[in-house]
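Shown below, as structure tokens, is a lone chain in the form predicted on its own; questions about how it binds or moves come after it.
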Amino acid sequence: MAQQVQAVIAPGRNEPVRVETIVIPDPGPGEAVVKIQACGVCHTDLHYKQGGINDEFPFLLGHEAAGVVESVGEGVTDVAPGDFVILNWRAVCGQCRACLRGRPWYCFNTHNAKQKMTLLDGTELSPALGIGAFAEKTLVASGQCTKVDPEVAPEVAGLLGCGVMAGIGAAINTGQVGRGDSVAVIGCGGVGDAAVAGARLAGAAKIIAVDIDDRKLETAKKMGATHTVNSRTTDPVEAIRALTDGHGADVVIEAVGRPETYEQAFYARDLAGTVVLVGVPTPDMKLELPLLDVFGRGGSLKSSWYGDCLPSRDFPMLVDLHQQGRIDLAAFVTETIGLGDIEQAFARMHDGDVLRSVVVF
């Protein structure tokens, strides 16, 4: 039987979000209804609200979430009612060319629930990243549910559903940071700080955090940065080279998503080094680099999709490491808020006042 729950809706481009009653259908084949316990406020949700993703309003916002499976549909065997799960937006298919080549983290046929959640008048909602978790309950594909240790706090676990996983994965999975490497991270918001934490976890010897905000640089130090550079007053390329014996960093992670910071990352890496783009650019942005420099500097230029993570592998591992005290995921939670506080949380996020505001139910 369909359920009515409270949820946060983005009704139109740049309109304030509002709490409304929505309808959650019973799970169909391959689907699950999840009772949400916590959901982080991510920049991607703000992009949806601003119309920066597409125009399929109204959106059901929220995607960085953890909760408990309430019910499952026909054929679901990977999760069961009562399981504590983190929601992911890349439910791998197991059958596409990437999956069949043994690279499921690149799955080209990820899927969402087939049924639609709606407003009371029947208007279909577009769930953010196929999840829509600023809601008391949501409907997802069962493959979007990843079981983890239920002893972890939901407000901590949920952050692995997007930003924190993206940053940690950019360092560990995409950048393949190794013991003794030098790493620079340009942009120290939530994703950049997660990349700093990931580099520390991987054993990097030198981690250089770059930002224009001294507050963010102080936070990056707490996450594991060994050096900081304020690029508002200092040339970051020259600073990174000076801190690496004139060579540049082995891995440079660009967590801003702008052409000028990507160019800085390109020239701040050592010869044969790696650049990882995890910051999300806008559709209008263009990049121009001398092709001879691309050739002559060697190495790798990579983009990191969701930290190139495999949720079934990476979520439980990172939760276990957090539980062991080897990575402090709780440090990313700046504040916990209610469902009606999201508009204000967007403003604090935009002003750089928080790493993550987390809605707790």
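Start at 1 with the first residue shown and count on from there. Values in this document were obtained by computation on a predicted structure and should not be read as measured data. What we label the rigid core is the largest C-alpha set whose atoms superpose within 1.5 Å from one form to the other.
Although not depicted, the form predicted in complex with adenosine-5-diphosphoribose is the subject of the following passage.
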Which of 278, 160, 139, 196 has a heavy atom within 4.5 Å of adenosine-5-diphosphoribose in the predicted bound form? 278
Contact residue in the predicted bound form, chosen from 200, 241, 216, 111 - any heavy atom within 4.5 Å of adenosine-5-diphosphoribose: 216
Please pick out the stretch from 116-124, 183-191, 98-106, 286-294 that is in contact with adenosine-5-diphosphoribose in the predicted bound form, where contact means heavy atoms within 4.5 Å. 183-191
Look at the candidate spot formed by 43, 212 and 256 and say whether adenosine-5-diphosphoribose comes within 4.5 Å of a heavy atom in all three of them in the predicted bound form. yes
Distance check, residue 348 to adenosine-5-diphosphoribose in the predicted bound form, heavy atom within 4.5 Å: no
Considering only heavy atoms, tell me if residue 226 and adenosine-5-diphosphoribose come within 4.5 Å of each other in the predicted bound form. no
Give a yes/no on whether residue 231 approaches adenosine-5-diphosphoribose to within 4.5 Å in the predicted bound form, heavy atoms considered. yes
Partner contact for residue 261 in the predicted bound form: adenosine-5-diphosphoribose, 4.5 angstroms, heavy atom: yes
Let me know which residues along 120-144 have a heavy atom within 4.5 Å of adenosine-5-diphosphoribose in the predicted bound form, or say none if there are none. none
Align on the rigid core first; then say whether the Cα of residue 343 has moved by at least 2 Å between this form and the one not shown. no
